[in-house]
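Presented as structure tokens, the chain that follows is alone, the form predicted on its own.
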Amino acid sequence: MLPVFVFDDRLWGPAGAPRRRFLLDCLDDLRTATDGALVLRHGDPARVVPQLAAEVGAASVHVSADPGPYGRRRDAAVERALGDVPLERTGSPYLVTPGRVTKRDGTPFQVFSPFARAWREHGWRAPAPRPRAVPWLSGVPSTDPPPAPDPGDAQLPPAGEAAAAATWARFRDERLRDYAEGRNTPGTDGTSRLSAYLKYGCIHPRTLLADLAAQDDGGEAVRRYTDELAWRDFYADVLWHRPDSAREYLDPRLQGMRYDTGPDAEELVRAWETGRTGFPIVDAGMRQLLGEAYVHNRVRMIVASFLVKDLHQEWTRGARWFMRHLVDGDLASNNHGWQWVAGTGTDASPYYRVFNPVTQGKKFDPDGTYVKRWVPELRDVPARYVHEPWRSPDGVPAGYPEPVVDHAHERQVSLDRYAAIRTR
């Protein structure tokens, strides 16, 4: 067995520094796990893989099936270039391979809840058994990896399989029982933080659910956690059936929406990107993105709604910013999550649902723990004012901005623009 990773410029180039650095660290871990046998090559996989297969006299080539639009085209090109050497697509990084769960008439699901019911009925395989030993082929020359990028101030999680297993064990043993509530409170350590490990294959979702099945008491926490993995599979399934939805509106009815442009709009976007909007829960989320290359899921929805509906920017702009900075940036989950908020995707949040950043902050971060962690300017503000510091008797603290927009006004602007689209 010869383990191989090809640095493909089509994927490496667009990836932000956090994802590149985390991937390189994961490959270092994998090289150790394979006794140094891991071979790194650089270039077009349709050229590199057949050359390497011929070089070592490979009888077959195996790859984990990639459901993404580019991944499918790439693997098909590799398969053609291999000629008589078979390309075996072995498994997938999902509980159920995208495309397998369909309606009775064979068409894809458009709404999450019925998909999730059919997904559970379909079930999934047990984790692959771990072999006692693997006969690694050693001595095959490897090219140097690309230079390790600087992720800036972002503190990335430890990379690799052992780190993923340890992260899962801590969550399972210490926080899972409170997950049903904890998953919505960004000020607590209530989520598993496994998204980057799942993205890069350091741990498989079947491992997680097999582990839970061995101790599952049927509790709400386990059901909720399973639902989150179902969402991951759902978005991958949507992308499988509609590869254009990675970049285009899944629901084209809002393509005529008017968005703001010009210097003033760009200044507001910059305030959003840097966590300087004057809305504490939004600013905390955007600063967490820069500080950890990660954002709590509830806060992802809040900051996305603010960009699309308070600042009147197209969802694609926010999706690109997230993919640039997230360590767990996954095309299917990220872009369809943004479409959900924008009201353009499958099972979308209605466009007229506009997240109020003040009420969302008060509901999900009531004592301001999350905000005060990421927005130090507000650490001395009493909890009752932390989500609207402009109401504090002492006013907005020095160094923190006033709100850049009037939320109530911008909400109405968004609703008026939505109404104009609907009447066309």
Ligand SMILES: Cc1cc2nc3c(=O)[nH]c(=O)nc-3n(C[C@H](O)[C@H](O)[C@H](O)COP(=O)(O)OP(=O)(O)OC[C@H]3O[C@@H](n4cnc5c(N)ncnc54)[C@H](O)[C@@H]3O)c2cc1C
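From a predicted model like this one, the values you see are computed outputs, not experimental measurements. Each residue number is its position in the shown sequence, starting from 1.
There is another form of the same protein, the form predicted together with this ligand; it is not shown, and what comes next is about it.
Contact check at 4.5 Å (heavy atoms) against this ligand in the predicted complex: all three of Trp231, Val295 and Gly337 pass. Contact with this ligand, judged by heavy atoms within 4.5 Å in the predicted complex, is confined among 132-140, 192-200, 250-258, 74-82 to 192-200. Although the partner is absent from this view, Phe306 stays clear of this ligand in the predicted complex, with no non-hydrogen atom inside 4.5 angstroms. For Gly345, no non-hydrogen atom is located within 4.5 Å of this ligand in the predicted complex, even though that partner is not displayed.
Within this chain, Pro93 is remote from the site of this ligand in the predicted complex, having no heavy atom within 4.5 Å.
The closest heavy atom approach of Leu156 to this ligand in the predicted complex falls outside 4.5 Å. Between the options His204, His325, Arg300, Arg287, the residue in contact with this ligand in the predicted complex by a heavy atom within 4.5 angstroms is Arg300. None of Tyr179, Phe109, Trp321, Trp119 but one reaches within 4.5 angstroms of this ligand in the predicted complex through a heavy atom, and that residue is Tyr179.
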